[in-house]
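First, one chain by itself in structure tokens, the form predicted alone.
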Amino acid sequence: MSTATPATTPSAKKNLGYKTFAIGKFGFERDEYFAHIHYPGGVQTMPVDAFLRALMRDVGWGFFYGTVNFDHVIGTINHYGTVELFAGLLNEAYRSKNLHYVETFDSKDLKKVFEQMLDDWTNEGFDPYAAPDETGNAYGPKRGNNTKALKRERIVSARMVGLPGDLPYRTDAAGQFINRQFTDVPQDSPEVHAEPGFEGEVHAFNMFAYASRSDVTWNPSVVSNVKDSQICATTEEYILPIFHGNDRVEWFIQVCDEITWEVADGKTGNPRAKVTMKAGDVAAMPADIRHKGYSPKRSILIVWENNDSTLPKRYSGGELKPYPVEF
């Protein structure tokens, strides 16, 4: 549920124009610079632009695989039908002092509140899906909205990109321009030499050129689904807005440029590794960690996930080891 802003909140005193929101015993309010998350026993404050970028991914990804940590205190855990909203649950210091708090909600109920909050708190010109240099700022009193950016629909291909019957290939003519940091990505199309009689059935396209026109960061630009195998090409710039806590092994293939990953223990947040991936590198993120990426120049990353719904229980129960290979 959402509630109107009470007259006693700082937002109302300054008449900033933002609503407050609540679900269960969690409350959310923002001022000019910060988002404040209230819960029994405490309140956590985050820069509002960082909060909105994290919230956008949690909503856009449908709470994703496993855990979405907004910061070191606040986050959600997806149980695929229900979601845990927590404060301090996966923080060793909070847990050791019994300062953590968690509630479970139906996914659709929490998603509704998060969507309403995103729409009300996102000002005109600010796009929480875009890199900082591509969008306005999130600060100040309420100033219009950017509902169009928040509700952008993924383009779903009816068949391989570029074949007759599919949506148009990404081109300048279609209004999908090469990103300012991808001007060095070749845009030429592959040569296809089909056997006689198969000319209309064989096709190829330049996936890197396609991804170079993506207008979002840290969000799938191209997705291929084959049964439980999901491969996503993404474009990454600046900072992954969340710490992603895995509930299964996640594979990364660095296509161009580089990303540095901070890797921490999934339950405690204690550091475990720092990994710098350069073009051509492949890494597997184990099922018991959380990770956050830093990309100084826009890069292309391919992510592979196994969508098998039995995996979280098999990993958490110890049936499967959290890493894919033993050396």
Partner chain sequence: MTAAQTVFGSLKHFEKGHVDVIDDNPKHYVLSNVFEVASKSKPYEKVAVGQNLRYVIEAIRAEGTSPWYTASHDESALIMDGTVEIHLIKPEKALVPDSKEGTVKLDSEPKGKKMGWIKAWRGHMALLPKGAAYQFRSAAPAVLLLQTIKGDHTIERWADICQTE
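Numbering follows the first chain given and starts at 1. Computed from a predicted model, the values in this text were never measured in an experiment. Between two forms, the rigid core is the largest collection of C-alphas that superpose within 1.5 Å.
The same protein also exists as the form predicted in complex with its partner chain; that form is not shown, yet it is the one meant from here on.
Chemist: Of I37, L301, A54, I289, which one comes within 4.5 Å of its partner chain in the model of the complex, counting heavy atoms only?
Modeler: By the 4.5 Å heavy-atom cutoff, the listed residue in contact is I289.
Chemist: Which residue, E195, E124, D106, D172, is the contact with its partner chain in the model of the complex, using a 4.5 Å heavy atom cutoff?
Modeler: In short, E195.
Chemist: Quick check on V43: any heavy atom within 4.5 Å of its partner chain in the model of the complex?
Modeler: Taking the distances in the model of the complex, the answer for V43 is no, it never comes within 4.5 Å of its partner chain.
Chemist: R272 versus its partner chain, in the model of the complex: is there a non-hydrogen atom within 4.5 Å?
Modeler: R272: contacts its partner chain in the model of the complex.
Chemist: Could you confirm whether H203 comes within 4.5 Å of its partner chain in the model of the complex, counting heavy atoms only?
Modeler: H203 belongs to the contact set for its partner chain.
Chemist: Is N98 near its partner chain? Define near as a heavy atom within 4.5 Å, in the model of the complex.
Modeler: Judged by the heavy-atom cut-off of 4.5 Å, N98 is well away from its partner chain in the model of the complex.
Chemist: Want to guess which of 45 to 53, 64 to 72, 289 to 297, 22 to 30 is within 4.5 Å of its partner chain in the model of the complex, heavy atoms only?
Modeler: It is the stretch 289 to 297.
Chemist: Taking only heavy atoms into account, state which residues of 174 to 195 are within 4.5 Å of its partner chain in the model of the complex, ordered by sequence.
Modeler: R180, Q181, F182, T183, D184, V185, D188, S189, P190, E191, V192, H193, A194, E195, in sequence order.
Chemist: Would G144 count as moving between this form and the one not shown, using a Cα shift of 2 angstroms or more after superposing the core as the test?
Modeler: Not so; G144 is displaced by less than 2 Å.
Chemist: Comparing between this form and the one not shown on the rigid core, is the C-alpha shift at G200 2 Å or larger?
Modeler: Yes.
Chemist: Using the core for the fit, does the CA position of A233 change by 2 Å or more between this form and the one not shown?
Modeler: A233: C-alpha displaced by less than 2 Å between this form and the one not shown.
Chemist: Closer or farther apart in the model of the complex, the C-alpha atoms of E134 and V222, for a change of 3 Å or more?
Modeler: Compared with the shown chain, E134-V222 is farther in the model of the complex.
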